[in-house]
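In structure tokens, the next block holds one chain alone, the form predicted alone.
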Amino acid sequence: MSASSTLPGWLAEPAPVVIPERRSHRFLRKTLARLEHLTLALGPGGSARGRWDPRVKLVSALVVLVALALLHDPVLISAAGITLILLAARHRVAGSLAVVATPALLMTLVLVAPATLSAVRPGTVVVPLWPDGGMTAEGLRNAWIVLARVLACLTVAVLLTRTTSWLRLLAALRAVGAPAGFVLVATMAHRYLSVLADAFADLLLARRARSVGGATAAEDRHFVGAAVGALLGRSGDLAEEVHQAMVARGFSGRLRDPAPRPLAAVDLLLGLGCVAASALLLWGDVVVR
């Protein structure tokens, strides 16, 4: 007996297969990639410079930053920036520098772009954009100085943080006399930033796993906004629970550090070299002007 004689007609006829339109989670993928970069940035850098004393590196970085802020010659600032970028590439932190510097430079460029126009700051027009006006040589020179200074300062910060364990860096801050409250807040923020980043990544991965047909960018943005709000509420509860646990274990508001090791000769040479290079740059800037 055939199946068609025993089954109803509506069941015997083949039903059309409807394949839902597949939409990619492009916005979620970008957000997850940013979270991955953040997680990598929270870890210590893999460089030989990480073995040098963090107190010397911290003070040296501050001296170099002050020197960069006082430079006004574009050639010297450019030379210092190129040297620092080569140093970052040498110690394999160029990727972290690119992630940090790209949005900062774009924002700086937006802010300084109007100052290059003759309508804002009169000067010698070198790039005509309209009759009797355009970009001036003085404006372009000042914009270049600002961009080079921002890039050089960011490179110093990335070199310091990516070649030094964050805990050692915070201990160095306490050793040089930074306010205890600031260091305590920074320590707790670093400790639980990775925890919140992992929790946020879990929410995004769960969203992708449960969306069979994908989602539009607008739907993903709505979900990410809601997830951030839920994560903020969770972080408040977590902070209260952590504080209660610390108080219950006898925390008195002061962090205890092990006794710092004596400074080695290579640490002193590093500090003196940075101070000498900064003084040489400032001397050259005075001579050029």
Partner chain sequence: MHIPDGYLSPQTCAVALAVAVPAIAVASSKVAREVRGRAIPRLAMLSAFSFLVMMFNLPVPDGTTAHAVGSVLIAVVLGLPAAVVATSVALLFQALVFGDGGVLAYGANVVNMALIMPLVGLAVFRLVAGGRDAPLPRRVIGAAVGGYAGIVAAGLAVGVQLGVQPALFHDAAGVPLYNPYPLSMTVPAMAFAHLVIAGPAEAVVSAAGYGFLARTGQLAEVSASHRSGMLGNPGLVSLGVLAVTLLLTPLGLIASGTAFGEWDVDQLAGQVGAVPAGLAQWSQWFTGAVLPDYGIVGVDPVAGYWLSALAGSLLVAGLTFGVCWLAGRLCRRAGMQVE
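These numbers come from a predicted model, not from an experiment. Numbering follows the first chain given and starts at 1. By rigid core we mean the largest C-alpha set that fits within 1.5 Å across both forms.
There is another form of the same protein, the form predicted in complex with its partner chain; it is not shown, and what comes next is about it.
Its partner chain in the model of the complex comes within 4.5 Å of no heavy atom belonging to residue 133. Put simply, residue 243 is close to its partner chain in the model of the complex: some heavy atom of it is within 4.5 Å.
Its partner chain in the model of the complex comes within 4.5 Å of a heavy atom belonging to residue 220. Taking the partner from the other structure, its partner chain in the model of the complex has a heavy atom within 4.5 Å of a heavy atom of residue 190. Contact check at 4.5 Å (heavy atoms) against its partner chain in the model of the complex: none of 84, 92 and 248 pass. Checking 206, 185, 176, 75 against its partner chain in the model of the complex, a heavy atom within 4.5 Å turns up for just one residue: 185. For the residues 146, 125, 79, 167, the 4.5 Å heavy atom test against its partner chain in the model of the complex is passed only by 146.
Within 4.5 angstroms of its partner chain in the model of the complex, the stretch 83-111 places a non-hydrogen atom from each of 100, 107, 108, 111, taken in sequence order. With a cut-off of 2 Å and the rigid core superposed, residue 33 has a Cα displacement that reaches or exceeds the cut-off between the shown form and the other one. Relative to the superposed core, residue 205 undergoes a Cα shift of 2 Å or more between the shown form and the other one. Put the two forms on the same core and the Cα of residue 75 is off by less than 2 Å between the shown form and the other one.
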